[in-house]
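In structure tokens, the next block holds one chain alone, the form predicted alone.
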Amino acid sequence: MKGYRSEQKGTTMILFLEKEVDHHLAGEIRKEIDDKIDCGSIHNIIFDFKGVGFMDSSGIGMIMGRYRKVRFFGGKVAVSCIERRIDRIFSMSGVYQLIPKYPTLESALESLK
């Protein structure tokens, strides 16, 4: 099992993360997103954390790196469905100062319109 699945709605890429985000998975996600950004097919990214109970620092690095990359081209990044443990990690690391969180995927999609 891959650990995530992705879907594209217009120029927004949605990553449905599953179970845990570690350095191995973060590298796979980074490559997939960067390939799509580089070919111009995506502009915005939503990371959906429904069901994710663990994430290490490489997950934060991957998200922040994609944030910097899409911001360079005028895009946006959002996170949705954050579980309590991940919410604490994001709060302590300062992610929410740059990337907004939304309670549902639908509200995140609406914010990027």
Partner chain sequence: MRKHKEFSITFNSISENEGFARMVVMAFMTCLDPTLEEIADVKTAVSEAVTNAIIHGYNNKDDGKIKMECKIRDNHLHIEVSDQGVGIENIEKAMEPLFTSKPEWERSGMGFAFMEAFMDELDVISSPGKGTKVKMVKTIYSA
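Numbering follows the first chain given and starts at 1. All of these numbers come straight from a predicted model, not from anything done at the bench.
We do not show the form predicted in complex with its partner chain, though everything after this point is about it.
- Using a 4.5 angstroms threshold between heavy atoms, Ser93 counts as touching its partner chain in the model of the complex.
- Residue contact check for Arg85: one or more of its heavy atoms lie within 4.5 Å of its partner chain in the model of the complex.
- In the model of the complex, Ile60 approaches its partner chain with a heavy atom inside 4.5 Å.
- Among residues of the shown chain, Phe73 is not one whose heavy atoms approach its partner chain to within 4.5 Å in the model of the complex.
- Here the marked residues Lys9, Gly40 and His43 all miss its partner chain in the model of the complex; none has a heavy atom within 4.5 angstroms.
- Residues His23, His24, Arg30 of 23 to 53 are found to place at least one heavy atom within 4.5 Å of its partner chain in the model of the complex.
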